[in-house]
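A single chain comes next, written as structure tokens; it is the form predicted alone.
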């Protein structure tokens, strides 16, 4: 067989050899990144639930480029931009992940399913036991979302694009997906990828931020666990349905997310076991798996080599950094208001990567004082952050759409 025949047989190699050298280099880099994410996820360095399927998808899609016609190349995984009904029907029959993408991802449904699952594993009693400190810290932890917007506009993004990437500061992946899908559909793939890559790194980066901004003597402050009020199930259900209704009334554009989150909470508190098992099992983990897989498959070199992606990477990092600093500022405010009885390191939990940032705070505090248990106080701002992020995202969408 001639070299040409061999290349025609192994089209993944052929498209790399005969195509644009920059795209070929990008594909090789992304294959390497995908393999790395799989190993880091398997080791537990990064979040395995997202990173393993995302890494496999990223490596596979960049390897599996083939000739679709004599002059065009692509894959048979997903076509994220197809919208013409006739073409979409063809894509649904050819691209094997297209039905999942079209019916759950491109319309934001997967974000709602994830929120429902988060609701089922969330205890809103943590907010109710300390509502003032929880909301105060959560509001300060949105500093990255607020300040990144003007920075993004200054860096050349449109208002809609700037708003979409700014929501990364809330550290809420489904919210980023939902917002970018509405405001910046042409960039929602790279924005969502940036968001989930960085959210997985909060375990690695935020501990250093806590150590930098909170001295050891303050990190060792013990919280009062004896006088924590007990919140009944009926109180939690009442809080959830009233809060859900008010938020839907004020911000209808985000109503699907509010409803999904609070229906999960109410099902949990109502102890409807069959629903709880279904939502926290197949729904939550199934959605998480396919979200990771789809994000990986959407990481094609053509998408990632968009010149705006570097800007998005920088802005995502800025947003999460400022939000972390803002949360700790909120923790310090509570420290001074309580005359030194509140551990300021709890502030990092206001960045609503539930429950990652709350666990980060607990872990860093216990390194200094093994007897310091702050998780109940950290979960309040953590859950409040979900609500504040949804509110800010809803404001962005309402004003800019």
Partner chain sequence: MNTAASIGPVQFVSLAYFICIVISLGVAWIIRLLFSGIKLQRNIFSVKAIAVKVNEKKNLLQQKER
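This is a predicted model, so every value here is computed, not measured. Positions refer to the first chain, counted from 1.
The discussion below concerns the form predicted together with the partner chain, not included here.
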For this session: Using heavy atoms only and a 4.5 Å cut-off, decide whether all three of 127, 159 and 395 touch the partner chain in the predicted bound form.
Result: yes
Problem set entry | Exercise: residue 235 in contact with the partner chain in the predicted bound form, heavy atom 4.5 Å | yes
For this session: Give a yes/no on whether residue 242 approaches the partner chain to within 4.5 Å in the predicted bound form, heavy atoms considered.
Result: yes
For this session: Using the partner position in the predicted bound form, report whether residue 391 sits within 4.5 Å of the partner chain, counting heavy atoms only.
Result: yes
Problem set entry | residue 149, heavy atom within 4.5 angstroms of the partner chain in the predicted bound form | yes
Exercise. Taking the partner chain in the predicted bound form as the reference, which of 96, 208, 132, 285 has a non-hydrogen atom within 4.5 Å?
Worked result: 132
Exercise. Which listed residue (143, 223, 266, 279) meets the criterion of a heavy atom within 4.5 Å of the partner chain in the predicted bound form?
Worked result: 143
For this session: Determine which one of 99-107, 167-175, 244-252, 309-317 lies within 4.5 Å of the partner chain in the predicted bound form, judging by heavy atom distances; exactly one does.
Result: 244-252
Problem set entry | Residues in 344-370 close to the partner chain in the predicted bound form, defined by a heavy atom within 4.5 Å, in order | none
